[in-house]
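This document opens with one chain alone, in structure tokens, the form predicted alone.
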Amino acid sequence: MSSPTPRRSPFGAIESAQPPPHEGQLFERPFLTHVNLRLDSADSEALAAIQQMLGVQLPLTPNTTAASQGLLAIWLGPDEWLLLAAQDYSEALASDLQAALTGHVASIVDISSGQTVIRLSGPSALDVLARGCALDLHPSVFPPGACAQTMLARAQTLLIAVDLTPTFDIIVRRSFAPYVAAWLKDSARQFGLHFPTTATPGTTLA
């Protein structure tokens, strides 16, 4: 009997090896759980059931996120959220959501295999992103916890401000991940950042 084929991340990991002041990090956060949730935001009973199950209230303010232990709820629209959680949790999360929302009109879709997360961090992160994104991502208008669906280098992405380093998580469709990673590496060179690509366990380079 043949052995199971190992999972492959879209492009592996990319790490910085540069000293200050040109330090930074660019790497993939592979195999996280991505579950798309849609329900009526006016359904207070459904929202309460989700909060009890997840330990976090779904964000109702546009372009915001809410976090609990090991889970991030990301606002995508008035009736749509992305739930981002730990690796290999998608089946259990989807099942728990279905149980919690029994009797309510809702859509729960596991999209974990269709997208991935790229993390960009460092003092020049804003400059790098500004080369391909029209949004103002300065923390005065895009503070930690903010999110936005936008184009980055002509690729559809979901940007999340993580901290004031600044650090950003870039959620992108799997098929676009190698292109976005390559674009970020090339853009970073304009600011003295260099991210040599190395393979890590559980990933293969595209």
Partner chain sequence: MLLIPCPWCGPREDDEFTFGGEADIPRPADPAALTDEQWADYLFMRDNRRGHHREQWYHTAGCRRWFIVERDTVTNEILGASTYGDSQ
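Residue numbers count along the first chain shown, from 1. Given the structure is predicted, the values throughout are model-derived calculations rather than measurements.
We do not show the form predicted together with the partner chain, though everything after this point is about it.
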* Mark Val141 yes when one of its heavy atoms lies within 4.5 Å of a heavy atom of the partner chain in the predicted bound form, and no otherwise. => no
* Does any heavy atom of Val105 come within 4.5 Å of a heavy atom of the partner chain in the predicted bound form? -> no
* To do: Would you please decide whether Asp127 lies within 4.5 angstroms of the partner chain in the predicted bound form, comparing each non-hydrogen atom pair?
  => no
* Closest heavy atom of Ala99 to the partner chain in the predicted bound form, within 4.5 Å or not? -> no
* Structure fact -> Assert contact residue (the partner chain, in the predicted bound form, non-hydrogen atom within 4.5 Å, options Ala67, Leu47, Ala148, Met53) equals Ala148
* **Options 160-168, 58-66, 26-34, 176-184; stretch whose heavy atom lies within 4.5 Å of the partner chain in the predicted bound form** => 58-66
* Which residues from 118-145 come close to the partner chain in the predicted bound form, meaning a heavy atom within 4.5 Å? -> Ala134, Leu135
